[in-house]
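Take a look at this one chain, the form predicted on its own, written out in structure tokens.
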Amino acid sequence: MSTSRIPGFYKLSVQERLSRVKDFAHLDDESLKNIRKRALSVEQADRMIENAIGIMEIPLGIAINFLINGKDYLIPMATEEPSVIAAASNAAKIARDKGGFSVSTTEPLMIGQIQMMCETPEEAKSAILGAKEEILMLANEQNPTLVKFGGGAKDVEVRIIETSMGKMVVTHLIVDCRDAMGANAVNTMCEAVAPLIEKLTSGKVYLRILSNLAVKRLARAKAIFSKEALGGEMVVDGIIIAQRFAESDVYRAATHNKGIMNGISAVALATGNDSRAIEASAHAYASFSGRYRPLTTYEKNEDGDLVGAIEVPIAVGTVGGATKVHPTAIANMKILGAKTASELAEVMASAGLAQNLAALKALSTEGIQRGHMSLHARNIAAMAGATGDAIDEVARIMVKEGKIRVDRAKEVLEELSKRG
């Protein structure tokens, strides 16, 4: 099987789904075991974090139908929220009709910040820029392996910012991190060049750390969604109206972007990447113009189809960190098949655009609750004590009534038990 288009995937049993994924990704038995059962031991967890006491598990699913730059992907997504994976899969199916997602990324450049205070900021700025080559050489001495693979410190920028304590001189060390997220490498470089910057300026360096606002590490995705597949011209217009609402209202824009991150963060978590860093960067980037705005855009083309696009900073790695430590993350990367950090970022951007499109489509037609709550109802039924087939029956009755509450689930469960 070489296609991510799998009709009826949701109807299969968990074991049948896993079998299809195994065939697609050519998974070995060890990878299957690490997906099916708890793969991370308490002992491993104790090495990953401090004060470990156990392991918190969340559901892992597969988003299907994704065609990205002509390549099929099954996308692992780790999330506790109902409807996210189904919605992204449905949007990806619609996008396939017009060729799927077209994606690109900029170079994997991260920014390290060296914060300094001194008496003569302008002179300090000139001194730092004048010693650019010396600073870059010192930074690159800290990570010859990264330099060997074409990465390393590439540039130096200097900003003078006004603060309540006076002017601060902030040196930006621009580092090509290749297939690493880059935090450790960048932080090490910043710490190494800090004494040199103090020597050059007679100032005092304070913070020396990576910035999570990855404005130089952007991922872009674009797709055409046919008006027929969306449900007609009125749906297309409704989505565009929803987009304009988000562009004009920060309250709506926050929820709009949260939906995007439902997709992106779920892939980040599944692959062992830093979802908090990605979310911080995305929301800061949404405010980069001075006003918080949506990360996506939607327009209508001459055929009346909807053209959606996303641009978002995504700093991820395929080497280092939990990506190479957590057994399930390793298995998920095998399923995804992304060979580079840039490819992984492109997949994430596509998932974010797909999830956002699906949410706007639902909001513009039936409302978000219908699909979301039908899945949520199963959780409520289980909370009320339902098991087996009774979960689906209790959920069905609650959805039909529009009363999805634990107390109602208990009543329905009791009525079903009386019927025998």
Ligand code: MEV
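This one's a predicted model, so the numbers in the text were calculated from it and none came from an experiment. When you see a residue number, it is the position in the sequence shown, counting from 1.
There is another form of the same protein, the form predicted in complex with (R)-mevalonate; it is not shown, and what comes next is about it.
Here is the short version: of H256, K125, R96, K216, the single residue with a heavy atom within 4.5 Å of (R)-mevalonate in the model of the complex is H256. Put simply, of L363, L27, I391, L67 only one has a heavy atom within 4.5 Å of (R)-mevalonate in the model of the complex, and it is L363. Contact with (R)-mevalonate in the model of the complex holds for all three of R252, N262 and A359, each having a heavy atom within 4.5 Å. The closest non-hydrogen atom of E81 lies within 4.5 Å of (R)-mevalonate in the model of the complex.
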